[in-house]
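Quick heads-up: it's one chain on its own, the form predicted on its own, in structure tokens.
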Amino acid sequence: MLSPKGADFMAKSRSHAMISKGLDDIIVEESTISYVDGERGRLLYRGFDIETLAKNSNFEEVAYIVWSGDLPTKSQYEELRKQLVADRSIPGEVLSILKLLPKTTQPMDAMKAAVSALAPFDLELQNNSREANLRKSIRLTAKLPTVVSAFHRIRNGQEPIQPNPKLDHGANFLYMLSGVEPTVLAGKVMDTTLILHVEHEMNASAFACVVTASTLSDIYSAVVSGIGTLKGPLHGGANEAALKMMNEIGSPEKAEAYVLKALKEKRKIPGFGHRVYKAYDPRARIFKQYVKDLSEAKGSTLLYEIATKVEEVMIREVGTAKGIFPNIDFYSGIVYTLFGIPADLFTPIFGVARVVGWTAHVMEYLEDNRLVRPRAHYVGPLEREYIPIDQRQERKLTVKTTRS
């Protein structure tokens, strides 16, 4: 039995607990990696505006900025690019694992399996110094496009394509998917796509990586945690839903009626709204322009016209009043579709880029590490009586089970 003092403490703790479901607005660390200004619709990587980087930089340079905190010199940039190119290939054993997976495997599960399999091949796996973790971050970033493209081709009965050392990160990824060198426009768009997905503060997958790293596990395990978290449709995958919606609408003329009906029925419009942004997501603005450019280049503007009509109606009906505007997922799925990329690769592409941000957060957190160990507010019964098994009465199970 609890003492009177203990019982009194338990009663007070059960009635005064402050619970933040979803950890909304809970600050878990100080960071210099990225800043999301949700009220003004701005995103900064290490102080550099995302729109400036998208216009003037490239993926390799942005990766350097996020990892190191500053712009690289020409020699530093060339050295990083050289390392990324050199580390693109994956071991034959890992390729064999990808070939053994069922063809119905979700690409995110294939990515998760591949990263787990890559870990033992890294001779620095157990070295948790910042220098070693940076080298491992480069290797992971270099290999993930190869993993995703190889599995995609394998499941379609095709042989994986070796990386092309002459191509930049984004262009090489498109090349490994299709076997065709992309146009200059396509290479630029994919490069920018990866830049826009590199980092976004302490989101669910970044936090998952930090939780794992805080136990002093290895950085591969941390990235596996990030991939597993990103797989969930509430984090990654909204662009698939947005694209599906646009295909259901079918034409720009039907967009307004569709949106108004959905709002009346209190259904969410995929690709709109954000936990942090209360203004137009700057990444969505960049994607929108690229959707227009790609659509016009391909002579197929249907999806762009549907999307812009949906946006127009949504902003008119709820945008200004409730701060619900397009987010990165609204237009990104159209970009991938124009590249001929299937919908179930949309989230893996997110992971291909976000590994830079994940590993940056891991390295930053480990500089002043503290084990992440939150508490749960217990609301169950106290001091129940244990009854010997022979004296227990038969009763039906109250836990629902699903038979396979």
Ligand code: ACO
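Predicted model, so just to flag it, every value in this text is computed and none were measured. Rigid core: the largest C-alpha set superposing within 1.5 Å between the two forms. A residue's number is simply how far along the shown sequence it sits, counting from 1.
Omitted from view is the form predicted in complex with the named molecule, to which the following refers.
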item	value
Contact label in the predicted complex: His274 to the named molecule, heavy atom within 4.5 Å	yes
Proximity of Ser225 to the named molecule in the predicted complex, heavy atoms at 4.5 Å	no
Any non-hydrogen atom of Met314 within 4.5 angstroms of the named molecule in the predicted complex	yes
Partner contact for Pro282 in the predicted complex: the named molecule, 4.5 angstroms, heavy atom	no
Segment assignment from 137 to 145, 69 to 77, 287 to 295, 264 to 272: heavy atom within 4.5 Å of the named molecule in the predicted complex	264 to 272
Candidate from Lys254, Lys322, Lys244, Arg130 lying within 4.5 Å of the named molecule in the predicted complex - any heavy atom	Lys322
Of Leu118, Ile328, Leu303, Met108, the one that lies within 4.5 Å of the named molecule in the predicted complex (heavy atoms)	Ile328
Site test, Phe173, Lys231 and Gly340 vs the named molecule in the predicted complex, non-hydrogen atom cutoff 4.5 Å	no
Exceeds or equals 2 Å, Cα of Ala113 between this form and the one not shown, core fit	no
Core superposition between this form and the one not shown, C-alpha change of Glu317 at least 2 Å	yes
